[in-house]
Structure formats: structure tokens, C-alpha cells
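Just one chain is shown here, as C-alpha cells, and it is the form predicted alone.
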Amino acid sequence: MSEASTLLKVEDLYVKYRSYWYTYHVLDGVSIRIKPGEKVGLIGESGAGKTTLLKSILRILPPQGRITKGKILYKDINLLRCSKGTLLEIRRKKVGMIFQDPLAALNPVFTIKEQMVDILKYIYKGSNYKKSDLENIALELLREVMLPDPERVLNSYPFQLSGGMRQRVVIAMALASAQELLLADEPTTNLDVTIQAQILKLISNLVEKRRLSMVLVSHALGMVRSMTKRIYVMYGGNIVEEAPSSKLFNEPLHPYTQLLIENAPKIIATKLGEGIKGNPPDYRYPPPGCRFHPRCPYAMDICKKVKPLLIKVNNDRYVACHLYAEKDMIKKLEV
């Protein structure tokens, strides 16, 4: 893929979190790319580092989080080295993010109108918009996310709205700044199944309507498959597989991807999934080599010593697993 055709490119990104006693080695050399207009999925168990990756892109990690290595290129701008003004401009007018918990994203002591107008003031900083103009824009955004009685919603406090309505408000806020790229971080968390489907369908329609690129993080694997063209699978702070959505679900290559799909909830199933045996890695002391090897049914000696590289196995598929490396390369690494 040429640089000119890439909207977002994350290269070899490392992120650590520091606490009083420990350092947590979360992202361990993550690389992804998004083309203009492309819809990409990001799947994996809770704690895989998906939210950390999205927050790193917008540079909104908590104070204890630190990017120690890598590049985040938005078009030709390195977001890790650009000026604060350039970064704020991209946040205001290029990239929007839907957070997974609308209660945490909304301030409980201000009305939806007050919060949306404040965001719009930030987005349209330097313009001649009056407060009434910004209120009208907020109202149109609420209509766009199909909220019934948007005038009432605008004058409500977050606690006066249902979970699904709060999530639609958060989506409207994200759309205000997402003119090119939308980052959707588990946008259906804590919602019941019927509302989940409605919210994901709404996001899909709005992304198509606005011709946005999108990164969708979700545990609803069926919706990720239908809403995206390409999927990254993340485990223990690493990308372990990349493939077109249909191919990934029809023929998963990495042992982790196979187990993840095999144990996903299904409408019609002869038995309940037992889950993936073992526990995700402890980021304080991540295992050497492949971070999945303590849980992998196919683990070899090399898996415990050498981190596998993400290699191309055909034209559009990549996998980070020694099972797919050339035999002579494995012998060379073992020496």
C-alpha cells in the first residue's frame, strides 16, 4: 500500500503504564493501517490493548500511560511529534471517538445541550457561529442519530435518558468532529442485545452516509464481520492476525483466532463454548517469545523464546505465528 493511499498508519507502537510499584508493558510493537473510506475491525479478549491503541492514536492516554516507541502517522503528520495546535486541529475536525461507557463520557451535572454546545464551540473555534446556531447544529446531530423527541433530549440530563439514548448522544458528539475517521470503542457495552444491534446498524449507516473511515472495536463478532472489510486480531498487546473479514471467519489461521471464533456465542449451538483455557498475560511480567504460548495448544519450544513476526501468508493475509514460518527460518532462529 502506498503512503498516499493511507489515512492512518501506526508503526511499531509500544505503550507502558506505570503504577507506584509496577510497569505494565501493554502494547508490544503494534502496527495497523487504515485507507480512506475503509472500515476496519479490531477484535480480541478484554484487556488485549484495543482501547489503549485507540487512545494512543488521539493522544488521550491517562497520565500513567506513556508511548515509548513507534510512529502514529495521520496522512503525512506524525502525531507523536507534531505541534499541539496541529494535534488539536485533527481532534476537532478530522477524527472522532465513540467511548464505550456513555455515563463516563457525559458529565452528569450538565444538560446534553450544555455539553454539546461546549463541544461545538471547541470544534468551530474562530467561527462566527452564535450560541443559537450551535444549538441548532446540536439538534440536527441528535436528529441524525435517530433520537426521538430531540428537543427534549437536548434539555435533559444524562440520568434522565436510557442507556441506548445516552449512547446515541455520544455518537452524535463523535460525529461532530469525525469528518474523516471514526474510532468506535465497544460502542454497545452495557446495552441489551436488541439495542446493541440498533446502535451498530446506526453507526454503519452514518459511516456510509458520511463516507468515513472507521475502526470498530467490538465483542459482537457477527456485527464486526458484516460492518467491516478487514479485521485485525489482537492478543496481549500484539496484532496476531490480519485478514479480510470474510476470510478471517471462514478460515482463521492463528491458533488464538481459531479459539476466539470457536468460543464465540452462537444463536444455534449444540454445546456451550468452554472459553479459551488459561488467562491473558500479566502485563507486569509478560511471557517471553509469543505472548499466547502459555495458552496455545500448538506451542513449540521456539514460541517460548522468539516473538513471531507478522508475516504475509498470501496476497491479503498476515499472521504472527511460528507455525507459518519457513522451516529453515525456524531452524536458524533456534540456533
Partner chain sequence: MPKNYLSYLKKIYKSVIFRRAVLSLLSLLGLSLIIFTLARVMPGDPARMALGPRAPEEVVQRYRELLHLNEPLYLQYYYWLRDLFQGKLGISLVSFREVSIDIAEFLPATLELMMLTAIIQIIGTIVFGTLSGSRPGSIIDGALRVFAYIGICIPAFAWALFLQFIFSYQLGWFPPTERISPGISIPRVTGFMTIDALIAGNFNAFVDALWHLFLPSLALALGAMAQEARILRSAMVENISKDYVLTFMSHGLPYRLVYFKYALKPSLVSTIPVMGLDIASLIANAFMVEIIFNWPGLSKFGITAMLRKDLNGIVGVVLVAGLIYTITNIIVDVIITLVDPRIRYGGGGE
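Numbering follows the first chain given and starts at 1. Just so it is clear, the model here is predicted, and its values are computed rather than measured.
Another form, the form predicted in complex with its partner chain, is not on view; read the next lines as being about it.
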Practice task
Answer yes or no: in the predicted bound form, does its partner chain come within 4.5 Å of a heavy atom in every one of 55, 87 and 106?
Solution key: yes
Exercise for the section: Only one of 306, 310, 60, 299 comes within 4.5 Å of its partner chain in the predicted bound form by heavy atoms, so just point that one out. Expected result: 60
Practice task
Would you check, heavy atoms only and a 4.5 Å threshold, whether residue 99 touches its partner chain in the predicted bound form?
Solution key: yes
Problem - 4.5 Å heavy atom contact, residue 129 and its partner chain in the predicted bound form - result: no
Problem - 4.5 angstroms heavy atom contact with its partner chain in the predicted bound form for residue 114 - result: yes
Problem - residue 198 within 4.5 Å of its partner chain in the predicted bound form, heavy atoms - result: no
Exercise for the section: Just one of 238-246, 145-153, 117-125, 202-210 has residues with a heavy atom within 4.5 Å of its partner chain in the predicted bound form, so point it out. Expected result: 117-125
Completion exercise
Contact check, 149-171 vs its partner chain in the predicted bound form, heavy atom within 4.5 Å, ordered by sequence, gives 157, 159, 160, 166
